[in-house]
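The chain below stands alone, shown as structure tokens; this is the form predicted alone.
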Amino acid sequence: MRERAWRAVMLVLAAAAFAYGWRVTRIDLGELATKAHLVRPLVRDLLRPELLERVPRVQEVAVPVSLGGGEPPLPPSRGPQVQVSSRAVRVGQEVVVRGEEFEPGRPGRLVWRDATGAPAPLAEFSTDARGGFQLRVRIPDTLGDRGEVVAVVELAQTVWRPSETLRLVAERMVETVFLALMGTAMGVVFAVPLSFLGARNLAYGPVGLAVYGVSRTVLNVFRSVEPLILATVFAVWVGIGPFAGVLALGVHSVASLGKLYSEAIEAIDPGPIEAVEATGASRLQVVRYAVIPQIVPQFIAFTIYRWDINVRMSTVIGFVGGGGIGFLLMQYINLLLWQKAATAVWAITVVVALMDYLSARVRERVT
């Protein structure tokens, strides 16, 4: 009877807790249907990431020009030709640019490219029925003592190529992976010595117990601080960028790996320790010959798993200035560029899945 009464009380308390939780969290399942039209455009864009873009093919010819010196040599070329009335010029001088053998009746533009490769528009044109054009342009103010007059004619044909968004996302994704790698490496460097100090079975005497207590307290304090807060602090400290993200991941990895490492040390077989101690070995020799051989596989597995976690975590700390793909994703979301955001989201998904698969395979081999 008492057991039935206890069960009844527990069921009543559980029902009351769920009823109160339902009311506090304002759950309204009907809104999932009535407001579905609001989320359809967002979901549609998230399912259409900007992976490829269609761009026109172009005919491009560059003519080197010298400022204040002799005429530079012309590179050998086939097909369309561009001639400049003078290739030894000065800033502000007018020159005549003639083009031949381009695609007839197509739009084009003249561009000045300085010594750094930075382009500046000069003029726009259309090729005539024989594929030629002639323009008078002025040499702009420029950097360096040389430059190029570039003629670009757009053709009717188009080609597919990776989108600018995809190239930028790939670049930031690589940054994210190595951001996580450096944060993990920083965590390992400091977590390994702390783990030995924070292992209860290696604490001898009052001093050892005091060191154990302090080490565990330090690990618990830093592990309780969210990486987002750490990233915010370091972004203010060292500035927005991947370095702040590395520091945030590193500090959090020290605490997390230190706890995992110390628990792995506490779970080892005490037999080898007793056997080595019986030979009169010192504390360092006990650790070297009885502890380390038992923990190396687990340490490797925990480290690889932490790298996997840090790859996922680094995408979140990027929202507060920690660099990597997260910072780029935040910009796309703030600008409501959902297709660009989808490209970043899918890149994160693919990399995280790949990292999870690779880390699982490595952990299988070392454990």
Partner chain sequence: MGKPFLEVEHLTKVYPGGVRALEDVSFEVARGEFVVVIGLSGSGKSTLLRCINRLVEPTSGRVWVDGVEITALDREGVRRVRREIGMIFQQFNLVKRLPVVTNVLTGRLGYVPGWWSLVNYWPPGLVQQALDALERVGIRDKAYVRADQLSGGQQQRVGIARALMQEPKLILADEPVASLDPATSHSVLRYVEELNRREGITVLCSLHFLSLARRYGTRVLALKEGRLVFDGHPSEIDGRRFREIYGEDAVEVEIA
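Numbering follows the first chain given and starts at 1. Every value quoted in this text rests on a predicted model; they were computed, and no experiment measured them.
There is another form of this protein, the form predicted together with its partner chain, and it is not shown here; the text below is about that form.
Open item on the list: Given a 4.5 Å cut-off on heavy atoms, tell me which of 242 to 250, 265 to 273, 82 to 90, 163 to 171 is the interface stretch with its partner chain in the predicted complex.
Closed with: Single hit among the candidates: 265 to 273.
Task: its partner chain contact in the predicted complex: Leu284, any heavy atom under 4.5 Å - done: Looking in the predicted complex, residue contacts with its partner chain include Leu284, since a heavy atom lies within 4.5 Å.
Open item on the list: Would you classify Leu197 as touching its partner chain in the predicted complex, given a 4.5 Å non-hydrogen atom cut-off?
Closed with: No - in the predicted complex, heavy atoms of Leu197 and its partner chain never come within 4.5 Å of each other.
- [ ] State yes or no: in the predicted complex, is some non-hydrogen atom of Arg288 no more than 4.5 angstroms from a non-hydrogen atom of its partner chain?
- [x] Yes.
TODO: Verify the contact flag for Ala129: yes if a non-hydrogen atom of it lies within 4.5 Å of a non-hydrogen atom of its partner chain in the predicted complex, no if not.
DONE: No, Ala129 stays farther than 4.5 Å from its partner chain in the predicted complex.
- [ ] Could you work out which of Gln157, Ser224, Thr279, Thr116 is the residue within 4.5 angstroms of its partner chain in the predicted complex, going by heavy atoms?
- [x] When its partner chain is considered in the predicted complex, the option within 4.5 Å is Thr279.
Open item on the list: To verify the annotation, which of these, Pro297, Pro193, Pro107, Gly213, has a non-hydrogen atom within 4.5 Å of its partner chain in the predicted complex?
Closed with: None of the others qualify; the residue that does is Pro297.
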